[in-house]
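The chain below stands alone and is given in structure tokens; this is the form predicted alone.
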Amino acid sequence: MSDEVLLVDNVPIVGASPDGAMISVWTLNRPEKLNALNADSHTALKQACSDAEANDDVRVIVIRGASPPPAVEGKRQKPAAFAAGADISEFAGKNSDDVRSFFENNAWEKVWNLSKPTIAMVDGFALGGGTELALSCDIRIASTRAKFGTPEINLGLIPGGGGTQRLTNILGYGKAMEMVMTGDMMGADEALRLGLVNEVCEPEELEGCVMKMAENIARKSPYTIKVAKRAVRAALDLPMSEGILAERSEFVALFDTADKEIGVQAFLERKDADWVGN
């Protein structure tokens, strides 16, 4: 097992345009701790975000958790986990001055602020900071054994990585309150019904489902995808009347791009678009 807390694997997309397109798969790699997020995990995730943002070939980012190691003889098999929260051992004895700078410069916001699309591949437990990391992604696809929760209340805390805000945006006020104040877990079926996840697959099919969607997105114009993400995100920050104006501005500006003309001509000629990325 690697000592790295985050493994990065760039998967090439054959035939995508512009040439060199990749899906960057990031694996949280602390399976013996159910991939709980510690300070090193945050440092590694922030660096991965910077690297991906600077690499034009990276079109889509997938975040997943490492599979549990085989059980030692006589021991119970560890469950699957995306990320079972924060490493609570790092909280003991800390006061607000000790943690403020860490939470002001955290990996959740770095993932959230990526200009490129992100997909959380959630198999097993996504609790606390793990749920918040999944919420920081644009799309969430889960296995049937996925479980989400914000159990910080049981530690005398509340979610601190954007959970109260992003849960409310997705689930609504009442359900977000219920999750935050009870600390109870939500199964995959309920998460799908409430819109917390986009799709639910059997565990053995999860990777295929995620990579199929990631490749679909990766084959689109990378520039237009960035604009689309920016436009949809505006709906979270702006009143609708202002958001519609922002969308219109983005739409009109795309008429000056090479990829707009390439896409229109490809449609008219019934062929695949050969994007140039601008």
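Heads up: residue numbers just count along the shown sequence, starting at 1. Just so we're clear, the structure is a prediction, and the values are computed from it rather than from any experiment.
Absent from the display: the form predicted together with ligand COA. The rest refers to it.
Chemist: State the residue from A36, I63, A214, L45 whose non-hydrogen atoms include one within 4.5 Å of ligand COA in the model of the complex.
Modeler: By the 4.5 Å heavy-atom cutoff, the listed residue in contact is A36.
Chemist: Tell me, out of A86, M121, V197, L135, which residue has a non-hydrogen atom within 4.5 angstroms of ligand COA in the model of the complex.
Modeler: Result of the distance check: A86.
Chemist: Would ligand COA in the model of the complex be within 4.5 angstroms of a non-hydrogen atom of every residue among C49, K94 and W112?
Modeler: No, because C49, K94 and W112 lack any heavy atom that approaches ligand COA to within 4.5 Å in the model of the complex.
Chemist: Want to guess which of 94-102, 203-211, 164-172, 77-85 is within 4.5 Å of ligand COA in the model of the complex, heavy atoms only?
Modeler: Of the stretches listed, the one contacting the partner is 77-85.
Chemist: Should P151 be counted as a contact of ligand COA in the model of the complex, where contact means heavy atoms within 4.5 Å?
Modeler: Flag for P151 set to yes.
Chemist: Hey, in the model of the complex, is M185 touching ligand COA, heavy atoms inside 4.5 Å?
Modeler: Contact check for M185: yes, within 4.5 Å of ligand COA in the model of the complex.
Chemist: Could you confirm whether L155 comes within 4.5 Å of ligand COA in the model of the complex, counting heavy atoms only?
Modeler: Within the cut-off, so yes.
Chemist: Classify E32 as contacting or not contacting ligand COA in the model of the complex by the rule of any non-hydrogen atom within 4.5 angstroms, answering yes or no.
Modeler: Output for E32 is yes: heavy atoms within 4.5 Å of ligand COA.
Chemist: Under the 4.5 Å heavy atom criterion, name the residues of 125-142 that approach ligand COA in the model of the complex, in sequence order.
Modeler: Heavy-atom contacts within 4.5 Å come from F125, L127, G128.
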